[in-house]
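Okay, here we've got a single chain as structure tokens, the form predicted alone, with questions on binding and movement later.
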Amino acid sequence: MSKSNHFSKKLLNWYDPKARSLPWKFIKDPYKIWVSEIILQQTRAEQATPFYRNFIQLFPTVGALAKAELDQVLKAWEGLGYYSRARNLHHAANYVQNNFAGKIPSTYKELLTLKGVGPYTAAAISSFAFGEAQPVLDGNVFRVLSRVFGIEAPINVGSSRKIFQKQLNKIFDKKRPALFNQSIMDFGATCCKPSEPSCPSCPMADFCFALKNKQIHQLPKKLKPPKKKIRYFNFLFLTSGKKLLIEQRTEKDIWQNLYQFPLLESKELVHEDFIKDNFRSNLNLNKSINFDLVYSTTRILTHQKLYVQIWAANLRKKDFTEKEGALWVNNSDLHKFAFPKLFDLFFNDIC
């Protein structure tokens, strides 16, 4: 028996008693599978479960999601991060309504036409919901293939995908695509883990390249990511009685369509006098207004590092010209607006 066939047999034998119980598994509803796969793109299964259940409760069908306002969808996504996933999901739901009569497309090729659906997600939906013979290639699968078969191509380089796809095609069970896909993903998530893998009890131990060559912690390989972009954010927590001023981020940037406090961004750390003068000028604030630095933190994003300061000021009345796009919001209504996690932490610590 070839190594590839040996792997497939061992994998499916391992999976039967080891299958994880998760709310999106063993279902055929393509919408629910789609939502779960989008959430799981950047979120571990254990963390994703309550978000998934809440999202499905709010938007039980693709039609319900398409009819919802984007702000509602972003609010439901709050805490998951990477909000472009939610925007793409909402856009794609409307696309399904308008172009597929409200039915999730059933083929890999058609699924790829949906915004935010790439090769992995399309393969997952088509195999799990419709039984199409499409192998999935996610982070867990990359790791398993690299270690077991000794593939040293860096997994974060696009050109490497063909190498891994070729090996995956050799071991893929076309007769049981959903079972195979779920098995290999669960195997990577629970046995062949990124750190502290369960090598002593691994069914592949007798022929795993990485284990035999003591390269478990060297594989898979990754090229060093580019240096993170540094940004300096100064926000103004401006209150007046029981109201505070917020604005929506509309640019194609991080946190697009989410809400924040009025912002001054700079390319370098600037003096507090510059910050205060800028806020006074942009919001036409009286010079007698006092500012206090009430919060500072650092946020690490995928490609960016943010140095954040939040300044507070209070007005007895709204004696200034409002900034375009800004809103005065009652404290009791804040829960209706989707904020980046940064502001949730601020509200919990300060307010």
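All residue numbers are counted from 1 along the displayed sequence. It should be emphasised that the depicted structure is a prediction, and the values quoted were computed from it without experimental measurement.
There is another form of this protein, the form predicted in complex with the DNA, and it is not shown here; the text below is about that form.
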Taking heavy atoms and a 4.5 Å cut-off, does T49 contact the DNA in the predicted bound form? no
In the predicted bound form, is there a heavy atom of the DNA that lies within 4.5 Å of any heavy atom of N286, even though the partner is absent here? no
Spell out, yes or no, whether the shortest heavy atom distance between R44 and the DNA in the predicted bound form is within 4.5 Å. yes
Could you tell me if D186 has a non-hydrogen atom within 4.5 Å of the DNA in the predicted bound form? yes
4.5 Å heavy atom contact with the DNA in the predicted bound form for all of L12, P135 and K174: no
Only one of G150, G81, P262, P203 comes within 4.5 Å of the DNA in the predicted bound form by heavy atoms, so just point that one out. G81
State the residue from Y232, Y120, F209, F100 whose non-hydrogen atoms include one within 4.5 Å of the DNA in the predicted bound form. Y120
Only one of these stretches, 108 to 116, 237 to 245, 274 to 282, 164 to 172, has heavy atoms within 4.5 Å of the DNA in the predicted bound form; which one is it? 108 to 116
Residues of stretch 246 to 276 in contact with the DNA in the predicted bound form (4.5 Å, non-hydrogen atom): K252, D253, I254, W255
